[in-house]
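Consider the single chain below, provided in structure tokens and representing the form predicted on its own.
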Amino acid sequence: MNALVTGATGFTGGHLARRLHAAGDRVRVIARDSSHATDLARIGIEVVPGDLTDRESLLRAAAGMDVIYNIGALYRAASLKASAYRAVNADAVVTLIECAKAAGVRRVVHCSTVGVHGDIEHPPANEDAPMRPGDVYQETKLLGEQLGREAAARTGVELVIARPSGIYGPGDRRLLKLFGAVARGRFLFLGNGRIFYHLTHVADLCDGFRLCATVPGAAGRTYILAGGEVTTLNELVALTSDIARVPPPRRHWPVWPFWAAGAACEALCAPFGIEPPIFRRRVDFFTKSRAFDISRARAELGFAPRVSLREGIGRTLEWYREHGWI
């Protein structure tokens, strides 16, 4: 297949581009700064300049492609305005689908997030669970899904929406805060740790993305893509400690003082575009359950996560050590 990948200079998009290339696909990536994609160009992946908010560059990038994987997104940063999130996470989805139509692209696989479901009151949640986005990132990702479906219906382009759970693996910086802190014996454990947490190894996720692109019956469908194991946060931290061969953290701190501190920091820093040292959403990590049902993806796509938590966390910690991150 001829595949275009957006967001390939990021963690997930970069892994996907390499995995598709290794599988024999002809891969093209779009990058605002091609110097950030030299490692991809070195292995034979085509790098073209462009931006998700620039229609002309999207049209050029889409030419000759069979499928587009839209992995690019704006994640959470205090310096960004709501309009910036909407431009990339929602409006650009419409533009991309319209450009796909103009270029004769058959299918677009759009990466959303399980975050559109918010806190899961009755885990595990499936694709039909209520929508409860909790911040501007999740709100604009949900809007991107809605606008994308409308654009697909209008243009006839096949759209498949994938909602990954917490993505981790070699090169990931987000869960470095968890794995690295545990491995160094510096993990600050808030709350009782009984919430559910559901991770997805990036290799399994990339396999799921490719199934979304190739399974004929996936057109028009939405899939939660997550790992095969669900743990409590207590179990996840204990497993990570065991793999890292360090004692697990013993003390659990109360949540509310840190949540209050996060609210105060955000109020003080946000008007100046300064990244707060502590966020309420980081504190929410310790209080909100995340557990999902991947039955639809298993049945309709043949999605079968292969990387166990022990193996995946072990690989990730090894990569962190090799690169001096821990």
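Position 1 is the first residue in the sequence shown; the rest follow in order. Quick caveat, the model's predicted, so the values are computed rather than measured.
Although not depicted, the form predicted together with a small molecule is the subject of the following passage.
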property: Of A218, L190, V88, V230, the one that lies within 4.5 Å of the small molecule in the model of the complex (heavy atoms); result: V88
property: Residue among G180, P170, G166, P249 with a heavy atom within 4.5 Å of the small molecule in the model of the complex; result: G166
property: Three-residue site G7, G10 and R32 fully in contact with the small molecule in the model of the complex at 4.5 Å by heavy atom; result: yes
property: Per-stretch contact check against the small molecule in the model of the complex, the hit in 267 to 275, 48 to 56, 288 to 296, 254 to 262 (non-hydrogen atom, 4.5 angstroms); result: 48 to 56
property: 4.5 Å heavy atom contact, T113 to the small molecule in the model of the complex; result: yes
property: Contact flag, R282 vs the small molecule in the model of the complex, heavy atom cut 4.5 Å; result: no
property: Exercise: R60 in contact with the small molecule in the model of the complex, heavy atom 4.5 Å; result: no
property: L211: touches the small molecule in the model of the complex, heavy atom cutoff 4.5 angstroms; result: no
